[in-house]
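A single chain, nothing else alongside it, follows as structure tokens in the form predicted on its own.
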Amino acid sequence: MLPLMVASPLLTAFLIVLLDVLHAGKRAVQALFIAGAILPIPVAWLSGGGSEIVGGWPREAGIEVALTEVNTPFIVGELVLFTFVSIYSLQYFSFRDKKTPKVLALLLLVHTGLLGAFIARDFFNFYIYMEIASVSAFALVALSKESSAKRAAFKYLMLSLLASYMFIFSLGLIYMETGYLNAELASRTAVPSRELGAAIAIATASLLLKAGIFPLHSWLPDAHSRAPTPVSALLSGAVVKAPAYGMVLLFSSLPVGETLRTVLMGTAVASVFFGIGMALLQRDAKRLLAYHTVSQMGYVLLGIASLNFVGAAYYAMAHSIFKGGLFLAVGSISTKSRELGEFGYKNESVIAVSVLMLSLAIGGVSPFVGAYAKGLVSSGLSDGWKLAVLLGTIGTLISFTKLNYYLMRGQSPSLLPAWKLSSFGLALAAFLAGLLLGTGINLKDALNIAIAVISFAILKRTGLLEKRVRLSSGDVGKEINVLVAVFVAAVVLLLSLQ
């Protein structure tokens, strides 16, 4: 039954393309799109969990899919986010544009790819589905009417393809050394060797690039900020989680060296603080949120590198919900300008409440789901790493104090009901998920908020937050060359550590 989770959005995507060719009505296309978005939810519910081999073949020859303690939070986060993104998209993409049915089909292909990657229990099928999601995402970014969108999509495409080629090469090495690409079977025969170590290092570097983690993140701020708002929400909330799940598969089944894991934990912390620092220096609201994805993926990597896969999975789920909601809410009110100070939620109470709730959730304030996820990630860490998580939490709160400071002073144009519903729905999901998971009120959070507000006031008084920092040469060819050089350096470094 589990394969139906992937088959239903895939089938509806093809039917939408067929209806478009036959010039079918708008209502039929919209009904199919919503069906493809939500059908995986009852399928997942009725499947009852566990694993199965597609077609009933022996495990050695078949395709294994599963719902486990680790991949279920990834799937729940994706399903919740995609449901609200699909509602938002119906009023965002106008059917006066002939591209709309194709855009909706591409969104369903991203949905298909992500669900397929998250239920995969073997490396090759994980790779195939991750690529379906990635290729559809390139096209969605390129279809944006934003200036520089095609440039951002081209950079995203080139770097992601490079990572894909290196990842498939590493899968060949894993198969050569273990005889399997099924994660469970490979774990039984994996013996530490130079070749297997090289495979792990290359695969890890490739997945770090695709996940947008510092210092391999440079494609992410452009792609995520230039995409149409619902696509930005999907890219930041869910697409970058597929490579994170790939790292979970890799680290849970193959022998990963202690030195490599320690370096990755250091990289995770660097990503947390680099993302916060760059977000504080942004005046473009969507770009600010994109840099916070670089930062937040650091927490996911911290969980994976410390072998706390459940903590990483819940953080990925929490981030899907609150980051998706933030992109939808901020994108709704910034249709005319994304420059902080030129728009806001002063006249839109639903969006104001949504952004405030989602800001508290991403800042790890209880009882929102972010607090639960941060607690899980911290639970597997020593005191030094826990301090980094705490300082990252305060840094995130400072950045979102800045965002709300500007938003509460500006006005927005009138908004469509579906946009408000989607933003508030995800804010409510962040709140209810925290309550359902048993997150209590932590009075120390009030101290963190107070420190963040005072720190923001001091930084604003210094004028530091008025500066604009953008790490771009303007020549996309040179940028890609630099990023390829950084990627090669990362591969060489990880190879030397394994």
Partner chain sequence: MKMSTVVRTTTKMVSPFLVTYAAYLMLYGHMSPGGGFQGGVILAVAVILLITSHGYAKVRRKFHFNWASLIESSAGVLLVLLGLTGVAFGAFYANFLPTEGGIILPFNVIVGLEVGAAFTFVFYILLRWVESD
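Residue numbers count along the first chain shown, from 1. What you see is a predicted model; the values in this text were computed from it and never measured.
This next part talks about the form predicted in complex with the partner chain, which is not shown.
Visitor: Please pick, from A490, V476, V482, L11, the one residue with any non-hydrogen atom lying within 4.5 angstroms of the partner chain in the predicted bound form.
Guide: Flagged contact: L11.
Visitor: Please tell me which of P42, G463, G438, G55 lies within 4.5 Å of the partner chain in the predicted bound form, judged by heavy atoms.
Guide: The residue in contact is G55.
Visitor: Though only this chain appears here, would A24 touch the partner chain in the predicted bound form if you measure heavy atom gaps against 4.5 Å?
Guide: Heavy-atom contact with the partner chain at 4.5 Å: absent for A24.
Visitor: Heavy atoms within 4.5 Å of the partner chain in the predicted bound form: does A7 have any?
Guide: Contact check for A7: yes, within 4.5 Å of the partner chain in the predicted bound form.
Visitor: Would L15 count as touching the partner chain in the predicted bound form under a 4.5 Å heavy atom rule?
Guide: Answer yes; at least one heavy atom of L15 falls within 4.5 Å of the partner chain in the predicted bound form.
Visitor: Tell me which stretch of 34 to 42, 47 to 55, 445 to 453, 429 to 437 has a heavy atom within 4.5 angstroms of the partner chain in the predicted bound form.
Guide: Contact-bearing stretch, as computed: 47 to 55.
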